[in-house]
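What follows is one chain in structure tokens, specifically the form predicted alone.
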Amino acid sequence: MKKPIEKETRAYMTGNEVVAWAALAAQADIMYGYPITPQNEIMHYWTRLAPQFEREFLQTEDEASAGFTTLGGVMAGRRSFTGTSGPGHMIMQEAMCMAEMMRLPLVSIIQQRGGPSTATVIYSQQESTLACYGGNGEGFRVVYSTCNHQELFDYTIKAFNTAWKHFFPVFVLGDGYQAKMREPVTLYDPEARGVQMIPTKPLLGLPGTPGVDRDPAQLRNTYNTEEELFAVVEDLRKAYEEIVPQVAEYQTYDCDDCEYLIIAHGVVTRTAQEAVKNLRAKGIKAGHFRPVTLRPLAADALLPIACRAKKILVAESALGQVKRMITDGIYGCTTPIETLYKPGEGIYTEEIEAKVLAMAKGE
């Protein structure tokens, strides 16, 4: 199969285009999807590029079908993925929960838009809870929150390896700003950087007689008794907790001596780190902790930093979705927490600066 990227290449493109190229670089076989803004162009670019590299695409009749056909592709051993946003993300939750229960390596790209419901097609961070804990499961998922186009490329590739290594569904969170805006990115072949793509394998239709030549393939999402389900969920919990040290990621920025800790994820990372620079220039010891994985949250890394700080500011383009995860993750920490919430709107550097300055003055 012809490689889509032979050498490192600098490009200037939209986030959705970046995702399509990343999926190609990750050796994805097929995308299943249904149109919804601001994710649409992932599908558009994929359908233009896929035939050139012997890859495939199936547009389904709705998002529910897109989710379940992606699972079907995975069970057939194909490196499958999907993408969606907002209401489509909600509709796909049944398939995503099935992936949790059946330990299927689903990969989904989520370009967040404003909510609740249809709301706006522009931007928000209001799909954090949905990505991490959507549906009627327990959140046995890995959720990467990206902050720029390079990370959209890097983590789309990584998502396939994480999914096929650990057999839990993996989500790459972007947003409407990232989806539509253009910025520089370095495209590369993962193998040229020493990243080996984990081979896929069919989960059904295996050779031999079940119970004779091999163990039966038991992919179940329905159980007969309460006790049976309890045992299954306990096994899922244990398996998930075992991978947490391997998959939980975070980034710190001037946190060693910080007195005012800013916690922000995704694209708000940019303004948070710029605010830290400006605040430091004004003599305010600010720092930034960024959860790269919202699920699982790197709580063990965050807790000591949070406890050393005088005050914490959680800034997000939602009404406390990640703040609730933070509060749970650092339970027992007595550092006061203040918030800067702008659901469905971008957060500016000056707003974070002003909030931290007010906190420093005791306002």
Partner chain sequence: MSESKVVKAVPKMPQSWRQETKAHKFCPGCGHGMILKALGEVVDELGIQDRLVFVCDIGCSLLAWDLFNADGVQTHHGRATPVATGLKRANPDLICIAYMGDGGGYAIGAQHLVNACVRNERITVLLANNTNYAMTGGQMAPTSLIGQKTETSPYGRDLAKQGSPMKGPEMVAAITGPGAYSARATVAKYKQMKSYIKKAVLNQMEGRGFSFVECLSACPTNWKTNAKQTWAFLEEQMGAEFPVGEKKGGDCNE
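Computed from a predicted structure; not experimentally measured. Numbering follows the first chain given and starts at 1.
Form predicted in complex with its partner chain: not shown, discussed below.
Next on the checklist: Gly88 versus its partner chain, in the predicted bound form: is there a non-hydrogen atom within 4.5 Å?
Outcome noted: Judged by the heavy-atom cut-off of 4.5 Å, Gly88 is well away from its partner chain in the predicted bound form.
Checklist entry - How about Glu61: is it within 4.5 Å of its partner chain in the predicted bound form, going by heavy atoms? => result Yes, Glu61 lies within 4.5 Å of its partner chain in the predicted bound form.
Next on the checklist: Quick check on Ala50: any heavy atom within 4.5 Å of its partner chain in the predicted bound form?
Outcome noted: So Ala50 does not count as contacting its partner chain.
Checklist entry - Applying a 4.5 Å heavy atom distance criterion, does Ala217 contact its partner chain in the predicted bound form? => result Because a heavy atom of Ala217 falls inside 4.5 Å of its partner chain in the predicted bound form, the answer is yes.
Item to check | Heavy atom within 4.5 Å of its partner chain in the predicted bound form - the one residue of Leu206, Ile198, Val232, Val244 that qualifies | outcome: When its partner chain is considered in the predicted bound form, the option within 4.5 Å is Leu206.
Next on the checklist: Just to be sure I understand the contacts: of Ala298, Ile305, Ile30, Cys333, which is the one whose heavy atoms reach within 4.5 angstroms of its partner chain in the predicted bound form?
Outcome noted: Result of the distance check: Ile30.
Checklist entry - Counting only non-hydrogen atoms, which stretch in 254 to 262, 73 to 81, 125 to 133, 157 to 165 is within 4.5 Å of its partner chain in the predicted bound form? => result The contacting stretch here is 73 to 81.
Item to check | Stretch 109 to 139: residues contacting its partner chain in the predicted bound form, 4.5 Å heavy atom cut-off | outcome: Going through 109 to 139 in order - heavy atoms within 4.5 Å of its partner chain in the predicted bound form - there are no hits.
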